[in-house]
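Have a look below at one chain only, the form predicted on its own, in structure tokens format.
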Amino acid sequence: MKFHLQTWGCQMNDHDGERLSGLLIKEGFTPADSAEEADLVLLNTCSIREKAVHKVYSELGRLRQEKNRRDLIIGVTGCLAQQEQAALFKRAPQIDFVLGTMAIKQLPRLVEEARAGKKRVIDTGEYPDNHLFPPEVARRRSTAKALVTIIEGCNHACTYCIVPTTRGVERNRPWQDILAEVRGLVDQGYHEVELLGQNVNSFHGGCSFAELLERVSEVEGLEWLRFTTSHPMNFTRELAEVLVSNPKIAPFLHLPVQSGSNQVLRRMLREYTVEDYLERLGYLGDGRARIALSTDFIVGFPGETDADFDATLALLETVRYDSSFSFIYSPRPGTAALRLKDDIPSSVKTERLQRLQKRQSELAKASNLRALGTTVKARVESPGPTEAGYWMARTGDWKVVHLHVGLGRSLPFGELVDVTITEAGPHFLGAEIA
């Protein structure tokens, strides 16, 4: 039988997709390029925002028509599966099975039950060893960077966030297992690894996260080490010192702030003030100048006033992020923020988001312009992205490079090359081979 997997969401979902694919291949399934070619379609879902949920239900509607024409097994896994559980069958009765985020290793059993004709198969249980997934089973995608999950779940309780519900409490992998997996990946030809977790810097699998970074960076053959994502409350001086001093750790930090207003942060239950956040950035010291900084913003959180939003813009000017991800607040079922009155008109939310993104775009372009004329190392990721004669690469500080190499020329996939920056826009750099 053939299977087709579709994944939405974050890097952890991407890596879960690699695990799910590996489990199916181990059972004798072969990958298919499209749902139309598959006997089994698995939707690996995200529920962090309403838009992601709409995409899943839209695809389920399309698959219902496909299933009406032929035999087809449809499974839903990921965060939406864990959140909605059996309710998914009522809204989309074409679904054959639902698999939760903490029961991934049960996939072969659920598929077998669905193939045997059992209806509405479901497992959203919490298996205590689910995070101890055998890394050799995962089917790695052809990417220049390997993903390694080190911690799953989150012990914070942000009022807008569904993650503690969909991913559970924190479960840490032993640092020895992580180190062994990274060594194996390097042996397979990967030179860059990204450590993943809902909150990586709260890792305590036998050592601190800073110590884990030091140990992993000592793996011979590893060139760059990245991590995502971080909570400011767990960003320590020790971690900052390792980030700025260890040459193998890529000079990039994603540290979500969400709002520049202390009043909004309090309603979000983020556990820090703007002053606390800036203090933690100060831990970077002089090393801040060489580290690209990224963040997340939520615009239009319940009760956000004009003054609150102006405080967010002021923080943007103070920190001058190299990039950011910004979204309009999306109410999620089961979160504490639902008790707050969502009293901001959608037109106001949209206008605020546009202002924030416009200014961030200007700051990003200014940051990129400083790279003009410099020669840096970038990792080759793929041909394209838009026309023949170009390849896409990324710098250590996570900036996209459109690399002009000319028609008919290939570059070494996954390798570092020296490039000279010749063009700078808000979202990418243009470059030539040095």
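Keep in mind the model is a prediction, meaning the values are calculated, not measured. Numbers follow the displayed sequence, beginning with 1.
There is also a form predicted in complex with 5'-deoxyadenosine; it is not shown, and the following applies to it.
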**Prompt:** Picking from 216-224, 329-337, 120-128, 311-319, which part of the chain touches 5'-deoxyadenosine in the predicted bound form when contact means heavy atoms within 4.5 Å?
**Reply:** 329-337
**Request:** Can you work out whether 5'-deoxyadenosine is within 4.5 angstroms of a heavy atom in all three of E192, S382 and A393 in the predicted bound form?
**Result:** no
**Asked** So in the predicted bound form, does I298 come within 4.5 Å of 5'-deoxyadenosine, heavy atom to heavy atom?
**Response** yes
**Asked** Heavy atoms within 4.5 Å of 5'-deoxyadenosine in the predicted bound form: does A371 have any?
**Response** no
**Prompt:** Is there a non-hydrogen atom of R64 within 4.5 angstroms of a non-hydrogen atom of 5'-deoxyadenosine in the predicted bound form?
**Reply:** no
**Message:** Under a 4.5 Å heavy atom criterion, is R49 part of the interface with 5'-deoxyadenosine in the predicted bound form?
**Reply:** yes
**Request:** Consider the chain as shown here, without its partner, and state which of G260, G75, P302, P256 has a heavy atom within 4.5 Å of 5'-deoxyadenosine in the predicted bound form.
**Result:** P256
**Message:** Under a 4.5 angstroms heavy atom criterion, identify the one residue in F133, F235, F89, Y160 near 5'-deoxyadenosine in the predicted bound form.
**Reply:** Y160
